[in-house]
Structure formats: C-alpha cells, structure tokens
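Shown below, as structure tokens, is a lone chain in the form predicted on its own; questions about how it binds or moves come after it.
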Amino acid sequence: MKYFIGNWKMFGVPNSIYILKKINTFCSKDKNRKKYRVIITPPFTLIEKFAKIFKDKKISIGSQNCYHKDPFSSNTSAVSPYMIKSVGAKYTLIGHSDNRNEGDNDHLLKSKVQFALKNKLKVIFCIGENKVEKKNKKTIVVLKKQLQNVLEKKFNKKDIIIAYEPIWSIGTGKLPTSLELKKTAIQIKKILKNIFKRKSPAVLYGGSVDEKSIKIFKEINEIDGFLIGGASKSSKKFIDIIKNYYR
C-alpha cells in the first residue's frame, strides 16, 4: 500500500472542500485505487467538517500537529490528540520541521506520539536533516537520533508512518538523487527495524514533490509513499502526482 498525504499547512477555508471532492471523485474511479491511500491534513478549523463529509469515502482526514498534553489543559490555543480524534481525524502529523523549528524538542515529540497513539490516531512522524547537516555528511546520524529519541519498541508500529523530509528540499525545488534517496530509505528502515525489533513501518518521502518530480521517485521501491505540500492544495496537481506515479 502506497500513501499520498497532502499537508495543507496554513491554507483552506470551508469552501476549499471542492478540492477534496475532485480528488475523491478521481480516486473512486481510478483503476489503481486499491494500491494507495489518500490522506489530507487541513488546518484544525476544517477537520470536523471534512472528516464528516469524507467519513466513508476514499480520503482520510488528519491533523497537522497536536499538543503534548491530553485530554484537556489550561494552555491557550492548544489542541490535544483527544480533541482531534473527537472531531473525526484518523491521522496526525508530528515532528514536521516547521514545528521543530518553533521549539518542538524530542521530549515534547515523544509525549505527542504517546498521546496520539493512546487516542487511536495514526502518527505520521516527520524526520529530516538541514542543509549544513547534509553538507557535513551527518544525514544518517541526525535521522537516527530523531527516531531513537522519540520512538519505542512498545509503540504499535502498525499505527506509525515515517515521513523523511530533508529540510533543505522543502519548498526549494532541490531534490535528492534517486540513489541518495534509496540509500537513505534503506538506512531509515534499518534503524526502525532495530527500534521495533521487527519489520519497519512505512517510510515516505516529502520535499518538493510535485507532478513532475514524482517520476524520479517511482522506481525507488524502498519509498512507500509521499508527503506532499504545496501541490496538495491543487486537485489537478495532486491527481497528476498519482496518475504520473502509476503511469
């Protein structure tokens, strides 16, 4: 099973539902529809409405983050995993570079993962190295630390998806080569096997994924899907990514 996950970031109003309706219509008729799963993570403001409309459809709804306390607290503007689950979300992103940059450390991230799993949310855990770390050949060291400091053997690996997003690639148009990505994916899966003492969870790639770059990645069997940013805000671009992957 491959994953095509759209991260809308700070985008979307109630009328943006038309984007998902077009994607859902395509997925319902696509001859390859049983080979993949589509997940969209809109802002908190849209989760309940979108989750209701797509409850039994081809699209699953997730959140872009969650708070590290549960179920309720006195923290202004915080939204807990319990609250996210209660409005119909099935997934949550945790550890995106945007949030790490805003102060999410490993301790907070571990709490988020624990509470998300406790509330039966599937976790899409984001990891990635920055430009300097890549230049200094520290990619695997950085990724290993990010994984080992947060994930534990006791976590149910069936409810965890890893999204490798090199920070230097997000929104820049710069991409790892096929060989680089293949090697990195193999290393990530090796680290995950050591953590869970069994087969690795799915490993996705994110970073400048669009309808053109997807062709580069389709031959890399070690990649189990994609976390898509800007292109997921357009139904045409998102659909073209899926079409071009299976072309």
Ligand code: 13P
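Given the structure is predicted, the values throughout are model-derived calculations rather than measurements. Each residue number is its position in the shown sequence, starting from 1.
Not pictured, yet referred to below: the form predicted together with this ligand.
Quiz item: Would Lys237 sit within 4.5 Å of this ligand in the predicted bound form, counting heavy atoms only?
Solution: Although this ligand is absent here, Lys237 would stay clear of it in the predicted bound form, with no heavy atoms inside 4.5 Å.
Worksheet entry | Close approach of Ser169 to this ligand in the predicted bound form, 4.5 Å, heavy atom | Yes, Ser169 lies within 4.5 Å of this ligand in the predicted bound form.
Worksheet entry | Partner contact for Ile23 in the predicted bound form: this ligand, 4.5 angstroms, heavy atom | Flag for Ile23 set to no.
- Task: Give a yes or no for Gly207: in the predicted bound form, does one of its heavy atoms lie within 4.5 Å of a heavy atom belonging to this ligand?
- Result: Judged by the heavy-atom cut-off of 4.5 Å, Gly207 is in contact with this ligand in the predicted bound form.
Check your understanding: Counting only heavy atoms and a 4.5 Å cutoff, which of 143-151, 169-177, 99-107, 128-136 contacts this ligand in the predicted bound form?
Key -> Flagged stretch: 169-177.
Inset, instruction - Output the sequence-ordered list of residues from 5-23 with at least one heavy atom within 4.5 Å of this ligand in the predicted bound form. - result: Sequence-ordered list: Asn7, Lys9.
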